[in-house]
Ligand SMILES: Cc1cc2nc3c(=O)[nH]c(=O)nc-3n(C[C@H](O)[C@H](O)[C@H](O)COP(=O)(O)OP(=O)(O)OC[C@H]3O[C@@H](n4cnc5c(N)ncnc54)[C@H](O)[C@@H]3O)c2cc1C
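To begin, one chain is listed below as structure tokens, in the form predicted on its own.
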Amino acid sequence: MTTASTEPTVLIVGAGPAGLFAACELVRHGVRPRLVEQRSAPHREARGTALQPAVLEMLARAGLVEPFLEAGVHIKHIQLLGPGLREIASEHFAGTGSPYEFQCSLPQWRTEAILRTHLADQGLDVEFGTEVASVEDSADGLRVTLTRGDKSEVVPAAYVLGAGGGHSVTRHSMHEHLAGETYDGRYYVADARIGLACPSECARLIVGPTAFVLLSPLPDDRWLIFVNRDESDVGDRAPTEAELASLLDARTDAVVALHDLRWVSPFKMHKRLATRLADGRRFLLGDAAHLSSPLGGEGLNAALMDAADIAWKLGLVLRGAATPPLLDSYAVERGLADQHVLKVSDEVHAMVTGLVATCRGGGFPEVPVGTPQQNVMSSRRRLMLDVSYAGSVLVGPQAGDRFAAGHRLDGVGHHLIVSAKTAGLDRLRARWHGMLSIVDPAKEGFAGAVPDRAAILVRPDGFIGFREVIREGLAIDALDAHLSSYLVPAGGTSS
């Protein structure tokens, strides 16, 4: 056994999307983590595919969105079809209030490859074939035992980000579990080509009397496919291409013509959330923290949001620009968001299974027809554009929502959107030098996004932390007090 140096380390366990993006964001915020992965090499599995508009905005702030937009298929609407491929409803994403009014669909292995390439360009590589044997408390942090082959290493870590999936060793070391339920039924997920003609830039959900089929486009004329397994089908054996093709045709009562099967895996769907997402030193990300029905298309996206939330906070704390209690807000904020994700995914899952039940009873399924405004709000929920941290101690009254134009704000600090004529701004600039940029909405093109005489603080993750109407400088004083609750002023004094 060898023992590493005593220099504090941020160790990320797991090089899936959550771990990789956490590493990317930490590097952007001035922290170089260590990233270990139990697998010996990258995988080539489709897994989570659709990046929601809210996450595309987040990738834009990170300077990473272009490779995803170039590699992915842009899904602009979803068709819901019943028996005979008759349309039940169609959901379009136009008018939902994002610069990216589509889902960007690409297989998870390509998402991971893009993030690994970015990290390699920053001089940071994934340590494949490295398993975490244990995570233990120590007097000044954590002691992590790593194994690689027949060699082991003990690493002193200031913080551990557990992004190692549903069987997280980090979560187990916290004596936590994923509370919730497993949905009825078992399913296959596959990556293949199909011969069935489908509209461009469109995903299809087909329901019938026995089950449902989800067909979501991928690059290179491939498709991500979800389908119910037969109730009599037991065990974890993956179907052959011919068996899966026959199952799809039976489920849809159409000739899907599945071929060129690249990957298929049996799985179950879950609705689960860790009872604690953090304990001060350990933080759970992605599937280690939460599992949701893939029919909602939010699990991968919630994982990337986890990474963005902890990265800016850790960056500030490790630079001495924020106090350690700032990190306590991770569990609060991501807990709020994860509950929302599970609720939305559960609603979608219940809707789909309800439509199947209607078909089984001999009826043709229908969905309520909402007003245009109701339909836009529903789409915004599905696209994660309404995720909010309202209720967190880290946001003030009337705050917590995403700032709609946040993707246009550069840098890693906070931004205050306020008229340059507002009194007290010079004091703010001096007190929060290097941590706060002041943006005049009239000069920078944000006038339409900010009400008159308003002061809006946008956090490094693009969410609004503070919002007030200017009244004789009182809002500026309140903002200063808000920042002082977790940031350390320039010069290191609190007054």
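In this text, residue numbers run from 1 along the sequence as written. The structure presented is a predicted model; accordingly, all values stated were derived computationally and were not measured.
FYI, the form predicted in complex with the named molecule isn't displayed, but the following is about it.
Undergrad: For the three residues P53, V73 and G462, which mark the spot I'm curious about, does each lie within 4.5 Å of the named molecule in the model of the complex through at least one heavy atom?
TA: Checked in the model of the complex: no contact with the named molecule for any of the three.
Undergrad: At the 4.5 Å heavy atom threshold, is Q79 in contact with the named molecule in the model of the complex?
TA: Output for Q79 is no: heavy atoms all beyond 4.5 Å of the named molecule.
Undergrad: Can you tell me whether Q38 touches the named molecule? I mean in the model of the complex, with a 4.5 angstroms heavy atom cut-off.
TA: Within the cut-off, so yes.
Undergrad: Is S329 near the named molecule? Define near as a heavy atom within 4.5 Å, in the model of the complex.
TA: Contact check for S329: no, nothing within 4.5 Å of the named molecule in the model of the complex.
Undergrad: Although the partner isn't part of this model, could you tell me whether A163 comes within 4.5 Å of the named molecule in the model of the complex, counting any heavy atom of the residue?
TA: Heavy-atom contact with the named molecule at 4.5 Å: present for A163.
Undergrad: Only one of S378, S152, Q122, S265 has a non-hydrogen atom within 4.5 angstroms of the named molecule in the model of the complex; which is it?
TA: Exactly one residue meets the criterion: S265.
Undergrad: Which pick from V132, L218, L244, A308 sits with a heavy atom within 4.5 Å of the named molecule in the model of the complex?
TA: The option sitting close enough to the partner is V132.
Undergrad: Counting any heavy atom within 4.5 Å as contact, can you tell me which stretch out of 152-160, 289-297, 384-392, 253-261 lines the named molecule in the model of the complex?
TA: Only one stretch passes the 4.5 Å heavy-atom test: 289-297.
Undergrad: At a 4.5 angstroms cut-off on non-hydrogen atoms, which residues of 16-47 are near the named molecule in the model of the complex? List them in order.
TA: The stretch touches the partner through G16, P17, A18, G19, V36, E37, Q38, R39, R47.
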